[in-house]
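The chain below stands alone, shown as structure tokens; this is the form predicted alone.
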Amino acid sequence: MQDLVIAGAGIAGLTAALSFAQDGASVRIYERSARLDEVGAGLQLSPNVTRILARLDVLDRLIDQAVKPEAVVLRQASTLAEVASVPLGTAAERRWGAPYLVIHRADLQKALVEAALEAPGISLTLDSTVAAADASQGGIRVAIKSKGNSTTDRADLFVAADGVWSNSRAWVRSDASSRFTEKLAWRTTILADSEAGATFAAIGATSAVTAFMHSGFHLIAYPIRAGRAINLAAFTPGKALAKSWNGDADPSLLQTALRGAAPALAEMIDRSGPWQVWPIYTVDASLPWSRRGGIVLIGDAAHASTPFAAQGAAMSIEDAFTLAGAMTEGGLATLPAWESQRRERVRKVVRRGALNQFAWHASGPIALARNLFLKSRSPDALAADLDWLYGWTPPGWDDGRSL
């Protein structure tokens, strides 16, 4: 694959560009935003993707801003009692062959952009929207709208990496819609040396990814930005909001949803903010991701899922890297096999996320049974349950595409 166009300069699009360029392709990225703003909050980068980021020479660019948590810890939100933990840190690197990191999304994006701008064969154009992509025998004709002007590009492959609310999805499947899950994600970042940060430190969760479990909500917390800040993400039921990643939130709604939290946790939440809220939408992964001629969806454009397995960014990175490998190996003829393999892996991740959501929101006898089961499992056994996820390597990883 020598020539391609990518819609979207997010994590999926930039990773795809770097992966294809590393194999000698010429890549043009078109991003509809006029600038790449610092959006989003924290991300968990598990070993299945940090090994890919290392292969793309991105890991070293972000490692100074990342944190290597010592564990994933499950706690009851009502009492703060620890229920279970999965060892990370050096244990993760030893077990899965790559580090487990937590980082601000903007720091990952910055590292990807820097690598893309330095890479030969990649161009990035902002304030430009892909209006159409038509497959023909001569390749893909891509219509671009930029600052009121219309131009045309041509490529061997068009990669749609334009997110959960993708405009490009309609060119691949008849049902191009995304579905609101009736769940909201509330997010904020607090400084570690702030009053809220001190309250968080008193809970004892500054060196781990901590999931506070409750029947009405769950809260994920972990350090980012080399430990200078703490990422907080709370998940509650809610009504549909505007399709935006940066909606302003009424904190009283969150405080109401988080009733039942332990006093120390409630105090930390009260001292945190401002909170922003975004609606959680999903995309049906069982529908087509590609069409004959060389138009393909990756990341959230193909299969956006709930964040409860902490693998949204990871699946985008895996999609991008494996797509480049498949195209280099066999061209467009490999698309059906690539799509089939990726769909099965994404399905497993979605099932894991559903299991996590069920466990974290359990109540009554089910919560009691959950706690008893988790306490009966050793940390090593809980880590072994994740070998299929974190120990995964791309096809052909040992044939020269390895670290």
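Numbering starts at 1 and follows the sequence shown. Remember, it's a predicted structure, so these values are computed and weren't measured experimentally.
Not pictured, yet referred to below: the form predicted together with a small molecule.
Consider the chain as shown here, without its partner, and state which of 278, 217, 96, 321 has a heavy atom within 4.5 Å of the small molecule in the model of the complex. The residue from 278, 217, 96, 321 that makes the contact is 278.
Contact residue in the model of the complex, chosen from 62, 346, 67, 43 - any heavy atom within 4.5 Å of the small molecule: Contact check passes for 43.
Among 251-259, 282-290, 328-336, 154-162, which stretch has residues whose heavy atoms lie within 4.5 Å of the small molecule in the model of the complex? Only one stretch passes the 4.5 Å heavy-atom test: 154-162.
May I ask whether 235, 313 and 316 each come within 4.5 Å of the small molecule in the model of the complex, counting any non-hydrogen atom? Contact check passed for all of 235, 313 and 316.
If we define contact as a non-hydrogen atom of the residue within 4.5 angstroms of the partner, is residue 185 a contact of the small molecule in the model of the complex? Yes - in the model of the complex, heavy atoms of residue 185 and the small molecule come within 4.5 Å of each other.
Heavy atoms within 4.5 Å of the small molecule in the model of the complex: does residue 307 have any? It does: once the small molecule is placed as it appears in the model of the complex, residue 307 has a heavy atom within 4.5 Å of it.
Partner contact for residue 207 in the model of the complex: the small molecule, 4.5 angstroms, heavy atom: Judged by the heavy-atom cut-off of 4.5 Å, residue 207 is well away from the small molecule in the model of the complex.
Even though the small molecule is not shown here, does residue 272 get within 4.5 Å of it in the model of the complex, heavy atoms only? No.
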